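Below you'll find only one chain, the form predicted alone, shown as structure tokens.
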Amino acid sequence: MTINVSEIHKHVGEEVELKGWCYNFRSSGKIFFLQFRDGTGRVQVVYSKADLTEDQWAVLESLRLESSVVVRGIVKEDTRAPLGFELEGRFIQAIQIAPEGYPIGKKEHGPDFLLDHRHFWLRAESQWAVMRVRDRIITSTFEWFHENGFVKFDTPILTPTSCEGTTELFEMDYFSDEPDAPSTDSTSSPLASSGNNLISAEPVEASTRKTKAYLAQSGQLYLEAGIMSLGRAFDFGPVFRAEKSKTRRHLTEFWMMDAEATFVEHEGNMAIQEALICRIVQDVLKHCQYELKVLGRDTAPLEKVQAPFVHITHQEAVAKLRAMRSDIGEMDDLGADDETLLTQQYDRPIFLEKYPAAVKAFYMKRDPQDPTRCLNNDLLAPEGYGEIIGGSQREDDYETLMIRIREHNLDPKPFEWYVDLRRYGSVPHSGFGYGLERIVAWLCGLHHVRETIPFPRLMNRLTP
């Protein structure tokens, strides 16, 4: 019977077959210990020379790291094993014997070497664990949204503008306006009197005007169009930012989830974010205990992530940070050091809300109690991990939105369709976006986001 390692606990005392890879081994000459993995988990297979033919034992001795194999054996309970089980080996078949010199050995390797060999580093148990936690976060996100009336809505990656200007976007020189039609005047053609069906022996090149296009940094604006049809919607996919940043929290290409909902205002928007994050953390703690153990993650701080989260206004945060000797200004966004200082004061996430409107995006609605502030929030993860979500109530009045576009010195033409949403059936609405890699880093206890995505793209890294 062929099974996965993850199912091994169901087959104690039975002979099973596993297909996968040899990630380590050692031999005493009479006993061979094979460390086996198959993508679902890892288990030790113990072979006795006395139980095998000479040919079978020769196969074992020919193995090298990362050789692919088929193994068969009897499932035995073993409390010393990570999974609590091991296999008493009865059969071994080599699918492919890897050559000597697997690049990632047992010695310590620097981050650049590991990133250069990312295609192999992904096989390490720590990276296996990170990818499974990442998958669980994505799964929980989809489940929670579908349980709460949100529809998956796909927004474009190629856009004519961005949510907040184009200074940090990747520009593409590809699209063009409709070309001017070439002349079809028959008198201009040297073949016009020949009876030939061709109009001209040489093509007449059409004149074109290039249209700027950009790789998207958010699907938010398009998602706002979607909710005017669907009520509640979310997207999920890769986005791109061309900022020249080398911090541990930034990637050039990353995955983002955006969500929007009609008839939801500022407080309701934060309640949705809170419920989603609570669900994600609970699901990771429930389904990824082994993975978190592999990563050495202390789960006690995660177990404290429960509603209600802490709420602090930007003004209050500035005062707190200044008392801790930060040099933050009244109009400044929080830097990474400021976020770390603030989040270390609390054992649960912090809603940092109502930033100065003058330094925030044009689409954020102003606070009616203080028009110098907007109805926005950042959600900061504890333990120094900082911002994982940004959101706001959106401006829903047509005239006000046009004023904001002019105040931000934006070209109104690319936003004509977006402003149209306020002309026909506008309603109060709000939304937010999370950065997947930042949430993965937080829940896995990782220092740098480069380990949270299969193949990180940084300003100085495009390979492998």
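All values reported here derive from a predicted model rather than from experimental measurement. Residue numbers here begin at 1 and follow the sequence given.
This protein has a second form, the form predicted in complex with a small molecule, left out of what is shown; the following refers to that one.
With the partner removed from view, which of 350 to 358, 282 to 290, 256 to 264, 226 to 234 is the stretch that lies within 4.5 Å of the small molecule in the model of the complex, judged by heavy atom distances? Among the listed stretches, the partner-contacting one is 256 to 264.
Heavy atom within 4.5 Å of the small molecule in the model of the complex - the one residue of Leu251, Leu169, Ala381, Val130 that qualifies: Exactly one listed residue reaches within 4.5 Å, namely Leu251.
Find the only residue in Leu342, Val318, Ile389, Leu276 having a heavy atom within 4.5 Å of the small molecule in the model of the complex. Here the answer is residue option Ile389.
How about Gln220 - does it come within 4.5 Å of the small molecule in the model of the complex, if we only consider non-hydrogen atoms? Gln220 belongs to the contact set for the small molecule.
Touches the small molecule in the model of the complex: Phe309 (any heavy atom, 4.5 Å): It does not: once the small molecule is placed as it appears in the model of the complex, Phe309 has no heavy atom within 4.5 Å of it.
Going by a heavy atom distance of 4.5 Å, is Phe432 a contact of the small molecule in the model of the complex? Close contact exists here: in the model of the complex, Phe432 approaches the small molecule to within 4.5 Å, heavy atoms only.
I'd like to know if Asp112 sits close to the small molecule in the model of the complex, meaning any non-hydrogen atom pair within 4.5 angstroms. So Asp112 does not count as contacting the small molecule.
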